[in-house]
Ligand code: APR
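Single chain ahead, by itself, as C-alpha cells, in the form predicted alone.
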C-alpha cells in the first residue's frame, strides 16, 4: 500500500511541493485548498506530467478534507502572508484562526499523521498545532532551519567558489530576524570557514541569510520564495517517509534541551519514521546560547499573543 501525503494550501509553496513529491514517486499526494477548482486544476496538470517524467503518483486536488483522510504526513502551508504595515502580532492572530481550523481537520481525518508546519510565523504556528492537536511532540515539526541553512550554505559556496555539497552549516533559533547561524561550526570540505573568509565578510553573509526571505520578496515585488521552501520540506518528508534518520535543523518542541522548555525552537533534529526521533544538542558558546535564548524569547512573545 502506497504512503499518503496531504498538502494543505495549494499556493506556490504547496503546489510546487506537490510537484516535487509526485516526481519522487513514493506516495500518493492530496492537495487541499479552499478555492474552488484551483487545486483540482493544478493536480490534473501535475498528473499529466507523469507520462513524460515517468512517475505514477496519484495526485488529487480537493476542497474537501475527507479526501485527506488517513494521511501519513500532512504538510500545512495555508495562511496569510505578511503584508506591508502588518505587525508580527497581526499576522499571528490572522493565521491563528486558519491553523486552528486546519489542525482540527487534520486530527479528525488523520489522527495518526505527522504534521510538518510551514505557515508563518513558523515557530508559533507549530506550537499552536501541537496545542490544538494534542499530538506528541514527535509528530509536530516545523520547517524553517532547513531553508535558513540552505540559504546560508548557498551564500558561503558563492563566496568561496565551492560546490554547495561541500558546505556544511547549521542555523538554529526561530525563523526570522533572530535566527542563529553557527558560523563557528561551518566548514567547506572540512575546512572551517574562518580559514577561508574574513570575519567581517562572514558577518555580512550571516546577515544576508537572516534577510534571505525578505531579499526575495523585495526582488519579486509581489509574492515570496517557494522553490527553496518546497525543496526544504521535501528533504524533511524524505527523511521521515524513507526513515533516513537525517539530522536536519527543524523547529521542534523543546523540553529542557538547550535550557529551553515547552517551546518550539529551531535545533538539529533527527527525523525518521516516527517523526522527531532525537534532538541533537550541540555544545554552544555562552554568546551563542544567549542568542538562542533571545530567539526563543521572541517566539515566546508570539505564543503569548495567541493566549495558549
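It should be emphasised that the depicted structure is a prediction, and the values quoted were computed from it without experimental measurement. Positions refer to the first chain, counted from 1.
What comes next is about the form predicted together with this ligand, which does not appear here.
Asker: Heavy atoms, 4.5 Å, this ligand in the predicted bound form: which of 73 to 81, 133 to 141, 166 to 174, 196 to 204 makes the cut? Say which one.
Answerer: Checking each option against the 4.5 Å cut-off leaves 73 to 81.
Asker: Just to confirm, with a 4.5 Å cut-off on non-hydrogen atoms, which of 129, 180, 118, 237 contacts this ligand in the predicted bound form?
Answerer: So the residue touching this ligand in the predicted bound form, by this definition, is 118.
Asker: Of the options 38, 49, 246, 242, which one has a non-hydrogen atom that comes within 4.5 Å of this ligand in the predicted bound form?
Answerer: Comparing distances to this ligand in the predicted bound form, the residue within 4.5 Å is 38.
Asker: So in the predicted bound form, does residue 65 come within 4.5 Å of this ligand, heavy atom to heavy atom?
Answerer: Because a heavy atom of residue 65 falls inside 4.5 Å of this ligand in the predicted bound form, the answer is yes.
Asker: Looking at the partner-bound form in the predicted bound form, is residue 102 within 4.5 Å of this ligand by any heavy atom?
Answerer: Residue 102 belongs to the contact set for this ligand.
Asker: At the 4.5 Å heavy atom threshold, is residue 34 in contact with this ligand in the predicted bound form?
Answerer: Judged by the heavy-atom cut-off of 4.5 Å, residue 34 is in contact with this ligand in the predicted bound form.
Asker: Please check if residue 146 has a heavy atom lying within 4.5 Å of any heavy atom of this ligand in the predicted bound form.
Answerer: Residue 146: no, not in contact with this ligand in the predicted bound form.
Asker: What residues of 290 to 308, in sequence order, lie within 4.5 Å of this ligand in the predicted bound form by heavy atom?
Answerer: Sequence-ordered list is empty.
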